[in-house]
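One chain comes next, on its own, written as structure tokens: the form predicted on its own.
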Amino acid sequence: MKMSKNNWYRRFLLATKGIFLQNPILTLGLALPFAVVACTSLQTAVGLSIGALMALIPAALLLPYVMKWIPQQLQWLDYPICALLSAVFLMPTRLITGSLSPALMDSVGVYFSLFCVSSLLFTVKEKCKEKEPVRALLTLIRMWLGVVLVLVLMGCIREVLGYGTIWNKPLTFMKIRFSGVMVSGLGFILLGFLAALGKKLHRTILSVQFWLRDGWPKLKAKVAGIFEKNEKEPKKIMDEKELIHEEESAEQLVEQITETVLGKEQDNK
């Protein structure tokens, strides 16, 4: 479905590109192991979100400046250099976060460090390679928010269904546990359902918007026609009454003439 230039939903999607439009996980299929395998609770989702923030944004912003000091024949080293820059920021973040919340880092495990060599990092690097710093920063923030959105949804759903808790706090209304949602295979299925739900919402919004643009004026015209018809009906009824009155008057006139003629014939006889 094509959208016009003055379409508010189109402008919304372009403003949130990387979050709802071209989401790194749901649309581009990046960082799937983090969402499917590692993200089993809200706590792990928060830990992975912190790791993604420190692994993606600083490395992608600093890489263009670092590559200016690298000779042209060694430009192919941009991928390992990007991974090293990511690790430089990720290692102290892990130490600080682990000292503040050991349980948080324990729940994330080795996946926290794997952001340094993830496909998400290298894709983000390419997207921000030739952009201005401000535009690159906005792109990075939107893509990071898109990752956080999916991780938080996956973590909350799996923790509520699997453990009956949210941030390790029990939920009294959850009496049944579905431990199977913690399995990686069902994680893929759940992620597929989220992608399908997002696509369905997108198509529903487009359908509603097109109906408001094309169907709503037709509906208003139809309703206006019904009201006009109802307003004309009393006048029509009055016209019918006048016609009946005229017919009755004509009949009376005919009767009078007939009586007069008959009376004259009797007088003549």
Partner chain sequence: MMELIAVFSAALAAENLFFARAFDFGNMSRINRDPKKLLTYGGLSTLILTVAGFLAYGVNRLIAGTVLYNYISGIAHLLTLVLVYSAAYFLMGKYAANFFEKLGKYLPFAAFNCATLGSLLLSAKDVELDSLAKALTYHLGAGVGFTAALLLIWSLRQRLSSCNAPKSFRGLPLQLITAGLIALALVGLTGNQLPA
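Numbering follows the first chain given and starts at 1. Worth saying up front: this structure is predicted, and the values here are computed from it rather than measured.
There is another form of the same protein, the form predicted in complex with its partner chain; it is not shown, and what comes next is about it.
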{"property": "Single option in Ile50, Ile57, Val36, Leu63 placed near its partner chain in the model of the complex, where near means a heavy atom within 4.5 Å", "result": "Val36"}
{"property": "The single option of Leu95, Leu171, Ile141, Val152 touching its partner chain in the model of the complex, heavy atom within 4.5 Å", "result": "Leu95"}
{"property": "Heavy atom of Ser119 within 4.5 Å of its partner chain in the model of the complex", "result": "yes"}
{"property": "Its partner chain contact in the model of the complex: Phe193, any heavy atom under 4.5 Å", "result": "yes"}
{"property": "Its partner chain contact in the model of the complex: Val110, any heavy atom under 4.5 Å", "result": "yes"}
{"property": "is_contact(Leu84, its partner chain) in the model of the complex, heavy atom dist at most 4.5 Å", "result": "yes"}
{"property": "Contact set, 161-188 vs its partner chain in the model of the complex - heavy atom within 4.5 angstroms", "result": "Ser179, Gly180, Met182, Val183, Ser184, Gly185, Leu186, Phe188"}
